[in-house]
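Only one chain comes next, encoded as structure tokens, the form predicted alone.
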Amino acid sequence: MNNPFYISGIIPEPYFCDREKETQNIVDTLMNQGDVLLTSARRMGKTQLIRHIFEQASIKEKYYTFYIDIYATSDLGEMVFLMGKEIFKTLVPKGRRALKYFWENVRSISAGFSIDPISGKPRFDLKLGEIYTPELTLEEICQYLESAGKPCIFAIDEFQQITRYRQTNTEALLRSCVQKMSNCRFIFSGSDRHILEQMFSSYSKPFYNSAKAVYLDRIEKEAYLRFVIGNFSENGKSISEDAVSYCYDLFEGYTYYMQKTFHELFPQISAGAAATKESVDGTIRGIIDEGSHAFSELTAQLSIAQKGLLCAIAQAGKARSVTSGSFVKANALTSPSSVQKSLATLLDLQLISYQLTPGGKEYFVADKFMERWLKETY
């Protein structure tokens, strides 16, 4: 019996919950020669939605599709390395002819491609430090995408990372390449909505007004309840509506945490048996216990001031005016200036995030499992 609650890889159509409107919106935009800016909070399902879009018949049959996540990159050379590797990996199943055309066009890294003498299969031998001219390689990759045998779609996840590159002209450089292309469409996605919106809505920025903005919000509660209850039922099991509703409310509709919970819970329930709120709670307890060592290591690397602020935000759930005297005093923090410094560090480490509300910025712990662990531990 397959687990219907996928948390990685490509999710088969019957097990992909909702997102019909967002899928159609993005597909229509791409096929109408437009680029897309896809934003959401972390763990809301952006990556899975992109992969789902790539599996749509109208896209899969007509386009080469590529996806990279640049969250861990620190400069243009790393991004270009990932682009080249992803194109290579995608083209390998297409045959030697497609690969040969890529090699011939991206000459600055062509030495990194070879044929295994034993298996006869193509190899990507390029090392990260062998990208000597990233600007030139980027231009060659874009030229390849523009002249590839099929139209292309290239998704770059955590796109806001390019604003942190040591090459301060990366935005302008990439925009210069993208705006010349008609054979390749782009999905720029990320979880730092504030930075991304500045990049695409500020008149002074290179990517100003260059992509259609799509915000990925929570799946509606009723739709998710039907999805979970239906998948249990189809496999000869049951789960109470209260149990699913409890999980949805606990994680505020964040897709990953709900999916992870039901992914772990599903095999624990025997055919003919029913899952309850208590069994959901027990499953979450197990996930948190499993992650406690990693959570401990993360917090051990923080200063006392940083850890104190992180715990205060966790206890609040949603914290506003964190540099105010009242918040500092109520949570036994050192001073508003110390909180300001700690806040910048925690944001940079992506241990916390925030959303803009009419009352100002509202901060919260980025990982919902870690948030619950912090509440219980401190």
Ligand SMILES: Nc1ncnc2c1ncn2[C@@H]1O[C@H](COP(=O)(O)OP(=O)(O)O)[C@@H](O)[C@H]1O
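None of the values given here were measured: they were computed from a predicted structure. So that there is no doubt, residue numbering starts at 1 and follows the sequence shown.
The next section is about a form of this same protein that is not shown, the form predicted together with this ligand.
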This ligand contact in the predicted complex: Thr47, any heavy atom under 4.5 Å: yes
Just checking whether Ser40 would be counted as a contact of this ligand in the predicted complex - the rule being heavy atoms within 4.5 angstroms. yes
If you check in the predicted complex, is Ser8 within 4.5 Å of this ligand, heavy atoms only? yes
If we define contact as a non-hydrogen atom of the residue within 4.5 angstroms of the partner, is Gln259 a contact of this ligand in the predicted complex? yes
Okay, which stretch from 134-142, 180-188, 296-304, 248-256 lines this ligand in the predicted complex, with non-hydrogen atoms inside 4.5 Å? 248-256
In the predicted complex, the residue from Ile219, Ile287, Met199, Ile109 with a non-hydrogen atom within 4.5 Å of this ligand is Ile219
With the partner left out here, which residues of 10-26 have a non-hydrogen atom within 4.5 Å of this ligand in the predicted complex? Ile11, Tyr15, Phe16, Cys17, Arg19
